[in-house]
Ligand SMILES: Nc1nc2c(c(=O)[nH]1)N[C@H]1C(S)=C(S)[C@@H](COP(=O)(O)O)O[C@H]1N2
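Just the one chain here, the form predicted alone, laid out as structure tokens.
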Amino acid sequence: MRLIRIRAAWLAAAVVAAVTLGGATASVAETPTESGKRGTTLYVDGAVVQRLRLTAGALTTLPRQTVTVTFRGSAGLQTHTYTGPLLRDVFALAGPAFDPAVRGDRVRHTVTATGGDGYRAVLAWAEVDPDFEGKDVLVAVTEDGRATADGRPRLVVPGDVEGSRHVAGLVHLRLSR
């Protein structure tokens, strides 16, 4: 738990530095509309200490990972290389509100990712938590070396055979109990 707090503080400092330099916006925001259509801002809320709204610029200030994934999509079998921050690092900025007094509280949480078109996918927090599965789920800002098609991030879940949880046009992430 101490490592998560230290990492969250480091990530928050990185975003504050980016904001100070004029490169990004990261601030408390209202929950987006149901359709999620509010430009290219990514909203992060739910069971967190501080709700956030992050621009694509703010996401590029976070440490980035690169993964190549192959999955079945509407166009058949696809292989793409994505780059962006880890989902757990994005949530570290908001400070997940886990209750250490509740046994297994972290495994009771889920993340709902919503695209600008209203499409939603859900994953368990334990999938991304390094104390459990530790899957490197990305909030990708590039696909195959170029910015994502609509300028919005994309949730990328490595290891999924089906691409259904790869949410394009990502506008909202919610951590829930």
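Everything numeric in this text was worked out from a predicted model, so none of it was measured. Residue indices: 1-based, along the sequence shown.
The form predicted in complex with the named molecule exists for this protein as well; it is not shown, and the discussion that follows is about that form.
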{"item": "Residue stretch of 58-66, 40-48, 114-122, 134-142 approaching the named molecule in the predicted complex, non-hydrogen atom distance within 4.5 Å", "value": "114-122"}
{"item": "Non-hydrogen atom contact residue 98 with the named molecule in the predicted complex at 4.5 angstroms", "value": "no"}
{"item": "In the predicted complex, residue 163 touching the named molecule (heavy atom, 4.5 Å)", "value": "yes"}
{"item": "Interface membership of residue 157, the named molecule in the predicted complex, 4.5 Å heavy atom rule", "value": "no"}
{"item": "Contact label in the predicted complex: residue 78 to the named molecule, heavy atom within 4.5 Å", "value": "yes"}
{"item": "Sequence-ordered list of residues in 49-74 near the named molecule in the predicted complex, where near means a heavy atom within 4.5 Å", "value": "71, 72, 73, 74"}
